[in-house]
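Before any questions on binding or motion, here is one chain by itself as structure tokens, the form predicted alone.
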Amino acid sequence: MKDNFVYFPGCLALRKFPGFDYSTRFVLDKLEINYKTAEDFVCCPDPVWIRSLSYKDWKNIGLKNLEKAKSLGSTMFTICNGCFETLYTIKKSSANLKSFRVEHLIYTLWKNKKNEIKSKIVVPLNGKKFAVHEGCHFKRPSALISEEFGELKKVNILKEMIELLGTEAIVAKDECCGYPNSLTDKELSYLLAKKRIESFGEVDGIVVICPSCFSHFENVLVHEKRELPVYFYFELLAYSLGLDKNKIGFEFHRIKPLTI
């Protein structure tokens, strides 16, 4: 990997779920991926609500993050679907950013590190059955994504990355978690999440690559009084690569992950 990587953690990973950031940095170090980041990165901003309120502010704030990242390296990766959609969309519309790449880290690892990950697994998750939820904004806007990431139309990347850990990965119909509706129609948002969770059937947990999907699934499961754990993929990967379970940040989960 010859790229000069820049890591963009995003607000939720830094402020609400610090274990997501800690696990990701452990993974990057374990896979010997050199990267830079910036303490003065700000909110991406959100690709649904903020863009709806002010397209101009959404784009200008996103551009500041991108220009900062470009000063540090050649490829920026995120661990949040919302950050990815915002930063990739704005980058595509900016002439001076055409040579700069924006990726979700799950794609970066799938593209470059699958064999190395497989060889470095020290705690396989054999015998587990996890539901796969990639999340809508990982592949949006579809017209732009298909130009640069054509594989995403053919391959369920998260499924393949979960299977690298030794688990069975269950793919249900690709539907929304319902989170974007939570400000305008809470009842619809709740019903969409409940429908999505039920579509997975009997599993040992749900695996996501988006902090917003994670948060929404947990809130609905707690309300439903269901003890079904939700995992952020990079937590599981860090655990399988040897990170002590007590350092992953499971204390920030509302549903304790008892299945690993």
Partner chain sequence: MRLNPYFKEEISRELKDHSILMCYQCGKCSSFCPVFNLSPEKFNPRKLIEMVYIGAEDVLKTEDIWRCTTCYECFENCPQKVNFVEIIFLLRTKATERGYAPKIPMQELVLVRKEGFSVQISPRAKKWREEVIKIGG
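None of these values were measured; they are calculated from a predicted model. Residue numbers count along the first chain shown, from 1.
FYI, the form predicted in complex with its partner chain isn't displayed, but the following is about it.
Looking at its partner chain in the model of the complex, residues Ile50, Lys173 and Asp185 each place a heavy atom within 4.5 Å of it. The shortest heavy atom separation between Pro124 and its partner chain in the model of the complex exceeds 4.5 Å. The shortest heavy atom separation between Leu192 and its partner chain in the model of the complex is within 4.5 Å. Interface residue remark: Lys159 is not counted as part of the site for its partner chain in the model of the complex, having no heavy atom within 4.5 Å. Although the partner is absent from this view, Asn96 stays clear of its partner chain in the model of the complex, with no non-hydrogen atom inside 4.5 angstroms. With the partner omitted here, the stretch from 113-121, 100-108, 72-80, 177-185 that lies within 4.5 Å of its partner chain by heavy atoms in the model of the complex is 177-185.
Contacts with its partner chain in the model of the complex, taken as any heavy atom within 4.5 Å, map within 61-80 to Ile61 alone.
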